[in-house]
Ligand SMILES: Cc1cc2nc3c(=O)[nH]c(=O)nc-3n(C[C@H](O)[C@H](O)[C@H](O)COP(=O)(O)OP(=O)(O)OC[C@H]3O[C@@H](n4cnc5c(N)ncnc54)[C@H](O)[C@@H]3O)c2cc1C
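Shown here is one chain on its own, the form predicted on its own, set out as structure tokens.
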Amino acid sequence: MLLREVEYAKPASVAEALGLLAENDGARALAGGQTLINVMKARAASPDALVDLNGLDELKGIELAADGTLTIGAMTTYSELMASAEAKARPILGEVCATIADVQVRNRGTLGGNVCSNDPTNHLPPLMCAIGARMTIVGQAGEREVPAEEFFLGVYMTAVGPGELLTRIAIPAGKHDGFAAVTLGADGTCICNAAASVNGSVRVAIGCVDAVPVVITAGSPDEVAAAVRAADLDPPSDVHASAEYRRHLAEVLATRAAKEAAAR
């Protein structure tokens, strides 16, 4: 289906982009477009204007600080993360990005676009919660930082409000991470996924079982399954999986991700 008529703007700076978004309540930021354009074609969303963020160097780049903190621009693509020497400091990032869809999507899709769309089947929201990422949001009123666990608010809803942009994501030092998923085919979306990080205790974030990633902590990988059962998950049923099967997958994948993290 063809797109309906929509205004298009390509700002030269973040400040100009924020101004354009503030001027038009019906404007949407365009990152890689891998989700938004398809949603628009299906008439599931009808923004009045698209503010194209491509070409804004302020939103690109990967920096590794002396303390091991990674700062990643929101418009960094999956492929750029996979190829980055700096991002190897937190190798799970490139590993998970390598499992997303196909080469074309990885070349266009962005870290910021993925987390801001907050599709419950996406790979990256649970990973951001598990590894303790912090999201920097900028608006005309200023800048604020939100922990990943508070960033995701509901299906397709995040802490990025009208007239605001996610500009960068900060990820603390660490290498003991794991990720596990069951997908629709080799390159499909997730039926259920789980990310884990071990730093003494285990922190697990499970996707596809609620509107936002479900974060669970346990003392050790061997205790993760019991912690997931105690969380009393209430996932949806659909044509791909029943709620019961998703609860089972959540337990299995969370344990698998935690043991992978511990093995590192």
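The numbering used is simple: start at 1 and walk along the sequence shown. This one's a predicted model, so the numbers in the text were calculated from it and none came from an experiment.
Absent from the display: the form predicted in complex with the ligand. The rest refers to it.
Comparing 84-92, 142-150, 127-135, 157-165 against the ligand in the model of the complex, the single stretch with non-hydrogen atoms within 4.5 angstroms of it is 157-165. Heavy atoms of every residue among R28, G109 and G113 are located within 4.5 Å of the ligand in the model of the complex. With the partner omitted from this view, the residue of A173, V105, V182, A170 that lies near the ligand in the model of the complex is V105 [heavy atom within 4.5 Å]. For the options G33, P236, G61, G68, the residue carrying a heavy atom within 4.5 angstroms of the ligand in the model of the complex is G33. The ligand is not drawn, but in the model of the complex it has no heavy atom within 4.5 Å of A231. Although the partner is absent here, A74 lies within 4.5 Å of the ligand in the model of the complex, judged by heavy atoms.
Contact annotation: T189 falls within 4.5 Å of the ligand in the model of the complex, judged by heavy atom distances.
Although the partner is absent here, L53 is a contact residue: one of its heavy atoms lies within 4.5 angstroms of the ligand in the model of the complex.
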